[in-house]
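The chain below stands alone, shown as structure tokens; this is the form predicted alone.
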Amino acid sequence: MSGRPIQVTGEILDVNRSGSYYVISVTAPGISEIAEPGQFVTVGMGGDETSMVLRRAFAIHRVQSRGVYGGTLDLVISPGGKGTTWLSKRRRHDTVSLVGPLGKPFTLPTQSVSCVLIGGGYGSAPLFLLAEKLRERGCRVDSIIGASTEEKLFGALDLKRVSTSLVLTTDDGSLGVKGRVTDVLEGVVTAGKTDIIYACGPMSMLANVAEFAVTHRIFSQCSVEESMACGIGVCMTCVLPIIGDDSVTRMVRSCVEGPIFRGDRVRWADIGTVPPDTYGAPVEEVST
């Protein structure tokens, strides 16, 4: 398990465009040394003079625990709203406030096994650090990344370097196989005799991957994409229904108990609701 999260002021070293995304490299002493695959940081948005009160959560893409600038980490940004647009426009030597590492990391196998890594869009960002750690343990790593278009695929060349094999899919067929990641998953799993599936990306993709894993009796871990307002378990905005070891469903905070969950434990169809059989769910009174 990683150490306790800390808050640091990081200095931006580089901001590079990658398709539809930006990769931001920033110093993060004390965070990068203990960060594990699947964890994230929150970033203060807009600087000191801003109306953007809430931080934004970003998966840790890569880390370097030592070097010329000390500990550094990379974040992948998809500009959309005011905050992410502001962050994508930062330049070298600008500073940002970081809190991390946060969340529970992926569970790594204790033995050399065959793994499939699946990423959707820039959701593939945390797979790079994961792939490196798995290869260090002698694991086979087959990767699948998909997106709607070629421009929205992230890091294909870099991921190929740390993977045994790589398959690309795009919805429009602009690169790789036309279709979705689940369209090629069975072939990859069969060829690699897969033991574990790791997945990061949109919730709909994760739900389909988890269903595939259950059907084929393969252990899966999914990094869920839930909006996190605080990132430290206080605000309760990122809860989702998870089945516990005792078979009881509870509303669990994805920022603290997650964002990594076993695929077969997430009630994908009920996300965004509180299922009636959830522990502590309100009981509807019956009028007489």
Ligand SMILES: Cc1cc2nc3c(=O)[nH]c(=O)nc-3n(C[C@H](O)[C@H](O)[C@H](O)COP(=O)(O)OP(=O)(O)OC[C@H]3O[C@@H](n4cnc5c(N)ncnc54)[C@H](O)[C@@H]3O)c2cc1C
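Just so you know, these numbers come straight off a predicted model, no measurement behind them. A residue's number is simply how far along the shown sequence it sits, counting from 1.
Omitted from view is the form predicted together with the named molecule, to which the following refers.
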query: 4.5 angstroms heavy atom contact with the named molecule in the predicted complex for residue 71; finding: no
query: Distance check, residue 83 to the named molecule in the predicted complex, heavy atom within 4.5 Å; finding: yes
query: Touches the named molecule in the predicted complex: residue 65 (any heavy atom, 4.5 Å); finding: no
query: Touches the named molecule in the predicted complex: residue 226 (any heavy atom, 4.5 Å); finding: yes
query: Residue stretch of 74 to 82, 206 to 214, 106 to 114, 174 to 182 approaching the named molecule in the predicted complex, non-hydrogen atom distance within 4.5 Å; finding: 74 to 82
query: Contacting member of 26, 240, 57, 35, with respect to the named molecule in the predicted complex [4.5 Å, heavy atom]; finding: 57
query: Joint contact, 119, 198 and 268 to the named molecule in the predicted complex, by non-hydrogen atom at 4.5 Å; finding: no
query: Members of 247 to 281 lying within 4.5 angstroms of the named molecule, judged by heavy atom, in the predicted complex; finding: 259
